[in-house]
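Below you will find one chain, with nothing else, as structure tokens; this is the form predicted alone, and questions on how it binds or moves follow later.
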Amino acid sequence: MTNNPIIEVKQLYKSFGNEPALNNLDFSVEKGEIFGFLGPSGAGKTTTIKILTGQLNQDSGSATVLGSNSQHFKENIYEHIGVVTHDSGLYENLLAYNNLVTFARIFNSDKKSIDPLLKRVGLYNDRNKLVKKFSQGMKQRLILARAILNRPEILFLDEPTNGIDPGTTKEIHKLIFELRDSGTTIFLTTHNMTEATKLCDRVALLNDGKIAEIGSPQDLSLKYNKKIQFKVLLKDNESLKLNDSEETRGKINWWLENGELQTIHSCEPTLEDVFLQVTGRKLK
């Protein structure tokens, strides 16, 4: 439907009152990648998603999605976009299955895909339960099922695993990778840097409405690896953290030659460490 980039944002600005929520953002997202938009609460992540999905207008700048200006979306654009946000509505007094039937009609999707989709998100055995009886994790999976019912080209995920148990989070991560591998572009917001490192091909670090850094998690970790260190575990289970030096390299070689070394890891900074270095603030 469009050439790369699948999302293009230029000089995007949005304020609420006198406070800028987004301050001249510039970034693009390529087709088929998982792009992480990372920052603490209030950084502007949800505002960006609302602009990119046509729910909110910016004050200035432009946002193009699938070749269309987000301020002038036509109805058929939503046949190609899926959205998972905290305020994504479900019909609480309907069965889970009937929720998806309702949205299948809205999206003009084949109802035959509902059962396989419920199996995919682990809700098939609960398809005939009222949604109001679902746990938060079950509701989140049903929202995700609804968002991919129309096989979207782009899936917007706003903190998709926030407040969800580790088991459900693992299943959602698996599904995200499956969607990416099938060609869906994923725009993911989160304040969880560990999650972003696992999932994202590239990330943008957002702070006070501005992009502080952008790149792959690995590239950013290496860029801000100011002090090269190694963590080693010796045969007697002694654990050491050593700065890079000629002496350290000599010790490591000796331990290797004499079978004393169990494990060795380099100690690059995490994305959370990078965020702290770049912005001077923690995520929480």
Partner chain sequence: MNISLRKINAIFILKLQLFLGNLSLLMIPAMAIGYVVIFKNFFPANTVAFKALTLNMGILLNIIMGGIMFGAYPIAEEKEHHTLGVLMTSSINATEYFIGSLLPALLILTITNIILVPLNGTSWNQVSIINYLIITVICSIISILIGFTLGLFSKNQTNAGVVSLLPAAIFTLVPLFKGFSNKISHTSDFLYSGVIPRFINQSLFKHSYSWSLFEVSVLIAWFIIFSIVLFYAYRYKHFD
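No experiment lies behind these values; they were computed from the predicted model shown. Numbering follows the first chain given and starts at 1.
Heads up, the form predicted in complex with its partner chain isn't pictured, but that's what we're talking about next.
Asker: Thinking of Asn237, Ser245 and Arg249 as the candidate spot, does its partner chain come within 4.5 Å of a heavy atom on all of them in the predicted complex?
Answerer: Not a single residue of the candidate spot has a heavy atom within 4.5 Å of its partner chain in the predicted complex.
Asker: Is Asn108 close to its partner chain in the predicted complex, meaning a heavy atom pair under 4.5 Å apart or at it?
Answerer: Because a heavy atom of Asn108 falls inside 4.5 Å of its partner chain in the predicted complex, the answer is yes.
Asker: Check Ser182 for me: does it contact its partner chain in the predicted complex (non-hydrogen atoms, 4.5 angstroms)?
Answerer: It does not: once its partner chain is placed as it appears in the predicted complex, Ser182 has no heavy atom within 4.5 Å of it.
Asker: How about Gly61: is it within 4.5 Å of its partner chain in the predicted complex, going by heavy atoms?
Answerer: Gly61 lies outside the contact set for its partner chain.
Asker: Within a 4.5 Å heavy atom cut-off, is Asn225 in contact with its partner chain in the predicted complex?
Answerer: Contact check for Asn225: no, nothing within 4.5 Å of its partner chain in the predicted complex.
Asker: With the partner removed from view, which of 194-202, 157-165, 77-85, 113-121 is the stretch that lies within 4.5 Å of its partner chain in the predicted complex, judged by heavy atom distances?
Answerer: Careful reading of the contacts points to 77-85.
Asker: State the residue from Leu90, Leu175, Met138, Ile211 whose non-hydrogen atoms include one within 4.5 Å of its partner chain in the predicted complex.
Answerer: None of the other options qualify; the answer is Leu90.
Asker: Which residues in 24-54 have a heavy atom within 4.5 Å of its partner chain in the predicted complex?
Answerer: Going through 24-54 in order - heavy atoms within 4.5 Å of its partner chain in the predicted complex - the hits are Thr53, Gly54.
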